[in-house]
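Before any questions on how it binds or moves, here is one chain, the form predicted alone, in structure tokens.
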């Protein structure tokens, strides 16, 4: 029986139950990749990831790499940061105060200028010439590092809109490693055990469920049955932690510091999840595709992001969690230096920026540069494969030695011909 359903009388057939849950969940542990000893060593590190995805394409020129008083610079000024000689857009005063904790890469040079291909390629790391569905970074970490000792889901996604189990993120790893999405930052319905159901009765139901699962799994392929079982096991852990989703009891000063905005509230929930022990937390913000009215749009969007992002970086640093948490903020590409006829900026993968912080990274570093107008990178730049190698190595995973095992086919974690960005690593 579903441990999240309300009363006993709301029964579901075994076939309905399995059909509803077999395609779900993203939770699991390392297996078939390296030796058991190496796998256990990875688990003990208890490192975590905060992945902030600014969907549509944040403008590097209105954020991390401004070019004021130039042909394409736009109307905004720059401000000093806590790193001498480094300036951000004036739209980011709070992040400027956290610059000594950040690592900014200003010379990303990627390939795809379409959302349909760019989103997937950027979040999968672009392995070379692989005709297989590679996992998104969150699914990769769920597979490689598994859940923390908290037993909470290893890969969760806080996003506007609908939630549910997003198995497509997992690619060839299988449904067990997809993401558990919390739509509008809200917990699943019926998260709490009904008052009419005692703890003993709940335990008895779950014992029966486990027995039925074992009987069902004995005659079927493990990929979906494992995912199905994990749905319920992690749901029981979430039942105990409903406070993760509740920001209403926080002090007004705390809510104001993150911003009483969608991304501010979602980032607060992400902080709660990291503090509770979730391995990988992704936070989405939409609306960054500013083909028209770019400057007014960024004047609205960037300060909301800036306030929430700076607040969580500061909080993680104060609590000590930043030492073990890799923080990433990025889009699928940047925006064109040239301003179009709609006073907008179009898609521009040729020269853009990402911001990072935390474990394994060089705090206060600014890696690479673009030319005076921001049109192109000054050197060869870094593609997303190099960024993936950097992330894995920051988390203590040797991306040149550890491999995926796809039905006995060894596959690299990231692009074979690329390497970590040494200037970004501590």
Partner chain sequence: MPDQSAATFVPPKELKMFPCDRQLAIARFSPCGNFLAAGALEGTVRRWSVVEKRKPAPAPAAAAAADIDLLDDAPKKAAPKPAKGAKPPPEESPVELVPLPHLTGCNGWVQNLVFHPKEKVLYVADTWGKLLATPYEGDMPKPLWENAAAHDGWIRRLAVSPDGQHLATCGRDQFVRIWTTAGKLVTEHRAPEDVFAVTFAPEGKLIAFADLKGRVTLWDFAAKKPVREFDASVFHKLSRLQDVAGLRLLAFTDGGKSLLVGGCEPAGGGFLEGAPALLRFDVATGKPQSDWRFGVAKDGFVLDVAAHPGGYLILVTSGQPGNGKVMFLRPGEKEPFFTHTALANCHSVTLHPDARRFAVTAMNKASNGNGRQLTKDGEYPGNTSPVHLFEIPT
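Computed from a prediction, not measured in an experiment: that's the story for all the values here. Numbering follows the first chain given and starts at 1.
Another form, the form predicted together with its partner chain, is not on view; read the next lines as being about it.
Stretch in contact, per heavy atom within 4.5 angstroms of its partner chain in the predicted complex, of 68-76, 240-248, 147-155, 118-126: Going through the listed ranges, the match is 68-76.
Candidate from 331, 285, 95, 179 lying within 4.5 Å of its partner chain in the predicted complex - any heavy atom: If I apply the 4.5 Å criterion carefully, the residue I get is 285.
Residue among 304, 87, 106, 271 with a heavy atom within 4.5 Å of its partner chain in the predicted complex: Answer to the contact question: 304.
Check all three, 296, 300 and 350, heavy atom within 4.5 Å of its partner chain in the predicted complex: Looking in the predicted complex, the three residues 296, 300 and 350 all sit within 4.5 Å of its partner chain (heavy atoms).
Contact of residue 261 with its partner chain in the predicted complex (heavy atom, 4.5 Å): Yes, contact at 4.5 Å.
Interface membership of residue 317, its partner chain in the predicted complex, 4.5 Å heavy atom rule: No, residue 317 is distant from the partner.
Close approach of residue 188 to its partner chain in the predicted complex, 4.5 Å, heavy atom: Residue-level check for residue 188: no, no contact with its partner chain.
4.5 Å heavy atom contact, residue 324 to its partner chain in the predicted complex: Taking the distances in the predicted complex, the answer for residue 324 is no, it never comes within 4.5 Å of its partner chain.
In the predicted complex, residues of 379-399 near its partner chain [heavy atom within 4.5 Å]: Stretch hits: zero.
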